[in-house]
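Next up: the same protein chain in two forms, each one alone, written as structure tokens (structure 1, then structure 2).
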Structure 1
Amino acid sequence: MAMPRTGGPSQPDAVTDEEFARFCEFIYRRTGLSYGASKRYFIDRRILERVERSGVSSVQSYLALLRFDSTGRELEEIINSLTVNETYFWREEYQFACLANSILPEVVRTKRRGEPVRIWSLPCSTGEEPYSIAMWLLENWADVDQYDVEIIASDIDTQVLAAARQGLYDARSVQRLPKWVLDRYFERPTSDRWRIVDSLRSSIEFTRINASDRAQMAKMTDIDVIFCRNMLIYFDDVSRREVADSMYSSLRPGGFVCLGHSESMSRISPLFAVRRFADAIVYQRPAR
């Protein structure tokens, strides 16, 4: 289990059961990220990496550093390390499968003729998620031709929004995509760049939104599905509850929220019902 160490002799090379339990409890209470014993090896490695990088002498000291670091920087570092903070196409694709196989069939059951299906990617970062949703639905949702689908993509950061609108990606971003998807939805301006085709880029509404701003959030209405992955884990308890409260109000009754892998609404908000589908657990604004 122990990692090879390059540091000084005083550095720990293992995490005890009690340290693991204490770390998981802290991370869950602080971020809502939930890890069971099956993730032990993964978690231990992340902890020991951060112990080494932060230069403390023991896992216990590292836990103290996490708890008392008022800048929140170390907490951000460990979250990044736990969630593998990177974005690429079809990341955590089981949720897109859940969208096409289970969520949307339920959503459209109560749609009137001509009423659009509205899907919101928040935060959308550089666009991989909203484009992934679009491509997945076009390829995998049997009823896609029968409904108008609106995809709205929001982020607080205008620079990443500009990049998302541009839709230009490198090999790492597109590595998970099958060739036929690349052929159908991408152009190749250069040999190492892929650009989303105009028709797809222009069909997505990109808009700047600060999720913590209640007034901005209140203008988003009648949403059927919100993808909110790996954002709330960076917020404090009150901000998370506020965002969840705003999302609830933006959803149509019966609408859904999809959180990231290992994220759970259980630490965030009591507003939503838990729904288990074949591909994923998601959260629903009760229909009534």
Structure 2
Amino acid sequence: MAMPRTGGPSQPDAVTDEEFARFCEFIYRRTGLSYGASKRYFIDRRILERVERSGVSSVQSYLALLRFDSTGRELEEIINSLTVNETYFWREEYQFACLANSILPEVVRTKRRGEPVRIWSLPCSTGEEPYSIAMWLLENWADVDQYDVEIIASDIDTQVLAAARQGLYDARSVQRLPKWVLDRYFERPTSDRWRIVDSLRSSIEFTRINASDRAQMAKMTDIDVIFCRNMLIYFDDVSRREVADSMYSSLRPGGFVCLGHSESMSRISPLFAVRRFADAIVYQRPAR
């Protein structure tokens, strides 16, 4: 005779249209990230995974947990599961060449030797971009030792920030780096892993920032160059403009923004001037 099953309540195996819409609206209000029907399968999977792991019995209960969780821990978990962190060292390196050859020489015209040069990587993901900036400047900017170069790296995802601080990478992440760069700036703890040397890891300041949170963004000031590549494509028009306004406020007059190759600030905000350098097109907060 078959015995009845015992245990906890069964888990839902689907997300309704109403639940999907409520979830997307909640995430949009909290992060500025905009998800539509094309991302339905991806979002549904993440919701159902968090329903199971959080121990609630339904998607509706999970949405209530998200809304009323005073600790913010569950929001952090779901954001970590939603963010895409596809990157590698020296990605779109022509912008690093532009930084060393054109942007920084212009930035330091108004600075005295020894003054800070502040560069911000947003979002920094697992750290390949800010470490790439540091390595490129050490090798290619003749005045790197004449100024106090500060590199700040921020992301909304706490898991990728932890990985960035650790500085441990696999073969895919380092595939574009020449051997001499690997030999100079990395250690080999195992045959298939490379770790950024301690001196370079300690030179980057990693911080958690939600780019759609104006109060958090306002804490970043006197920035000379912002690398904000391939993030704004995940925002809608309103959120893009709000983030652009925040970056404008964070920049020093005359500061620069580097976007991803498929992004254009001209379609987002009228506040920035287009600058066409030999290596790349970038965007500038006017000096006056």
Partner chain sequence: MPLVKAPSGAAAPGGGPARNTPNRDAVLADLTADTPDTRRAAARACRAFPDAVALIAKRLEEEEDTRVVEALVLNLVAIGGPAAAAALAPLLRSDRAGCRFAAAEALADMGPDALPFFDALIRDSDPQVRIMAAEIARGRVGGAVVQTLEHLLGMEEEINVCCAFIDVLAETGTADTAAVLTAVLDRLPEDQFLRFSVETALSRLPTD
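Between two forms, the rigid core is the largest collection of C-alphas that superpose within 1.5 Å. Since this is a predicted model, take the numbers as computed values, not measurements. Residues are numbered by position in structure 1's sequence, first residue being 1.
Here the form predicted on its own appears as structure 2, and structure 1 shows the other form of the same chain.
Annotation for Phe23: C-alpha shift of 2 angstroms or more between structure 1 and structure 2, rigid core superposed.
The Cα shift for Ile204 between structure 1 and structure 2, taken after rigid core superposition, is smaller than 2 angstroms. Once the rigid core is overlaid between structure 1 and structure 2, Ser34 counts among the residues whose Cα shifts by 2 Å or more. CA movement of Val51 between structure 1 and structure 2 equals 30.0 Å, with the two forms superposed on the rigid core.
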